[in-house]
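Single chain ahead, written as structure tokens, the form predicted on its own.
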């Protein structure tokens, strides 16, 4: 893991424009900060998706075409704290569906916390957590021919450029069997006055989340980033439906990273790209899956039409 971290940080800071991979947000501090972001007043995404899971739980089960006498695997990619999924798990458990819940996450810390909470809150649910790369885990599960439902929630697909997202969905399909389902949660295109504060909350959790990347480089790679000389900067254009996050240098400065044995120069106002948060509509979703083995079988939206969950069927 440390070798990949070194390589990715070196590559990102050596490129023009500079960038840092968003997957490295999630160390123990980042995990905690993201939970705080999800519960912040401005971050509507979690509440909107939770609205669907809370008020349309039975519709989800019906649209997934689950049968009580048929065992299936419920696989969640990037499960986090499982806030929304627990609503579905409780209903499935209460109705005596036969299934295992398999949360998959790169963060062992997140999985440990999730497993602990599921065992406490939903003791009848069988949880088998899997730490590692999504596709490696899916490939290892492919040989079991049981029906699979893959959850990819929180508009996490929106952290990818469209071309990469399409390739991601294609690859998901190649690791699933016919009639398996992908349950995809996505944020919808809406006005900047709603979207932008979600990435710049008043309590500063998003700022800390973004700048924690610099702290992590300092701690794990021996960097000497002065966080006071960098600032968090979110941007969003409703016309293209894409929110982006940057870390901006507040001065002309140099940063040395010991484990790379390299010095990086930053100009005042120079931006380091850290994350994309794509927003969607039906046409964009259709474009994403046009060259994949999936088709849309149904769709559920929250009461404000801020967020939608698409059920995609693997043909």
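From a predicted model like this one, the values you see are computed outputs, not experimental measurements. Residue numbers count along the first chain shown, from 1.
Although it is not shown, the form predicted in complex with a small molecule is what the next lines describe.
Enquirer: So which of 242-250, 56-64, 255-263, 33-41 is the stretch with heavy atoms within 4.5 Å of the small molecule in the predicted complex?
Expert: Only one stretch qualifies here: 33-41.
Enquirer: Is residue 23 near the small molecule? Define near as a heavy atom within 4.5 Å, in the predicted complex.
Expert: Taking the distances in the predicted complex, the answer for residue 23 is yes, it comes within 4.5 Å of the small molecule.
Enquirer: Taking the small molecule as it sits in the predicted complex, is residue 181 near enough to touch it, meaning that at least one heavy atom pair lies within 4.5 angstroms?
Expert: Residue 181 lies outside the contact set for the small molecule.
Enquirer: Do residue 107 and the small molecule share at least one heavy atom pair within 4.5 Å in the predicted complex?
Expert: Heavy-atom contact with the small molecule at 4.5 Å: present for residue 107.
Enquirer: Using 4.5 Å between non-hydrogen atoms, is residue 147 touching the small molecule in the predicted complex?
Expert: Although the small molecule is absent here, residue 147 would stay clear of it in the predicted complex, with no heavy atoms inside 4.5 Å.
Enquirer: Exactly one residue in 212, 113, 156, 200 has a non-hydrogen atom within 4.5 Å of the small molecule in the predicted complex; which is it?
Expert: The residue in contact is 156.
Enquirer: Which one, 224, 133, 121, 220, lies within 4.5 Å of the small molecule in the predicted complex by heavy atoms?
Expert: Checking each option against the small molecule in the predicted complex, the one that comes within 4.5 Å is 133.
Enquirer: Residue 178 and residue 135: their C-alpha distance differs by 3 angstroms or more in the predicted complex. Do they come closer or move farther apart compared with the shown form?
Expert: So the answer is farther.
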